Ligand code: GLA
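As a starting point, one isolated chain is supplied in structure tokens, in the form predicted alone.
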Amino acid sequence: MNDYGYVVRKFVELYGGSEEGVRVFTSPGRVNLIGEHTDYNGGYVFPAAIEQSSIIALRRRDDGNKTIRLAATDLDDRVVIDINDIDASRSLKWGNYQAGVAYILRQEGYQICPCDILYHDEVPLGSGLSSSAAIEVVMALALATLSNETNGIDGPVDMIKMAKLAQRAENVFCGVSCGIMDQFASAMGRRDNAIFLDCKTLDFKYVPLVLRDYKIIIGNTKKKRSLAEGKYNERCAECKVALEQLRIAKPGAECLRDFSVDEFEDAKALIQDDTCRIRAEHVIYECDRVLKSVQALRDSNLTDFGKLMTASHISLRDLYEVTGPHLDCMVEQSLKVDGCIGSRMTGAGFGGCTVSIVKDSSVDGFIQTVGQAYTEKMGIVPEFYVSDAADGAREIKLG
């Protein structure tokens, strides 16, 4: 993991020249501990950056050719983005997320510099650990860094701004109605901390992840999912309908987060469609669970934190309907293991990963037992990652 020298060597093999002038940038994936499908509803989330990252090696070009050349260590595809016609890259099978970032940055007045880029992705694609946000944020940081240097702008790149622009790229250029959480966690992660983020205001606080003799285990179901092709945009639309009807009771509400549990219970009959009503119920109760989870961690009450995680999964399964048999199976098997105090899906759902809190002494047995049971039931061999909270996007100073 994090073999920056390997990425530089592969870059030189592909693009030629020497290692001189090659720079490395990295941005992590994230695991959301609790607070799912709340971010695009202005709600609360509680993610942490993970050690698996999207890494790029980059070198500026001064050959007069106004292009960005893209490649990846695990793909044969080679992509060329025309800086003067970035919009033409919308249809790319791979590279459209990177092109979208360049497109939005240019709209914001950044100078997009010709360069060669090699991606090395450690975040499993389609896993629910936000590989797309890691790709977007590292691209934004790299291009903004080059732009600032070209224009003589001193100081670090504004990473909150990069998170916002990366989210916009996914919304506008790639057609996915994602919220801000993934990009924010990737940009702003801090080692040994989770981020308590208010997605309405972008106010945030770092909360130390003091798990004592417990570990965070991420379980990859190996059932890949795609936000653009899944039900994600449909859920966004259902929540918008619910909000419009709830506003009859609270006209000033800007998002579902603006309703407390009690206010929702008093007004939920205003939502005419049963499906839209249970979608809103999940969001509003999930926001409440995030608040209680942050407090439980601050009180060192890991038992309550684990119970809230499990309640979150049940709500995502029964009310928001975004889990599916693979995630449900892994959570069910995880909760059977002695030493696991909480488990839930993480990410958008429809496949991807779970996150569990497991006692140190039970980690090896957990991985073996859950892995075997899951394989027997689903016919897929899963992967597991024991991950600490990591730092967010940054340039790596080599040597």
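It should be emphasised that the depicted structure is a prediction, and the values quoted were computed from it without experimental measurement. Start at 1 and count along the sequence shown; that's the residue number.
What follows is about the form predicted together with ligand GLA, which we do not show.
Among residues of the shown chain, Met181 is one whose heavy atoms approach ligand GLA to within 4.5 Å in the model of the complex. A residue is said to contact a partner when one of its heavy atoms sits within 4.5 Å of a partner heavy atom; Trp94 fails this definition for ligand GLA in the model of the complex, lying far away. Contact annotation for Tyr374: none of its heavy atoms lies within 4.5 Å of ligand GLA in the model of the complex. Among residues of the shown chain, Gly347 is one whose heavy atoms approach ligand GLA to within 4.5 Å in the model of the complex.
You can rule out all but one of 356-364, 51-59, 327-335, 38-46: in the model of the complex, only 38-46 has residues with a heavy atom within 4.5 Å of ligand GLA. Taking a 4.5 Å heavy atom cutoff to ligand GLA in the model of the complex, the contact residue among Phe204, Tyr232, Phe173, Tyr110 is Tyr232. Annotation for 15-30: the only interface residue with ligand GLA in the model of the complex is Arg30 [heavy atom within 4.5 Å].
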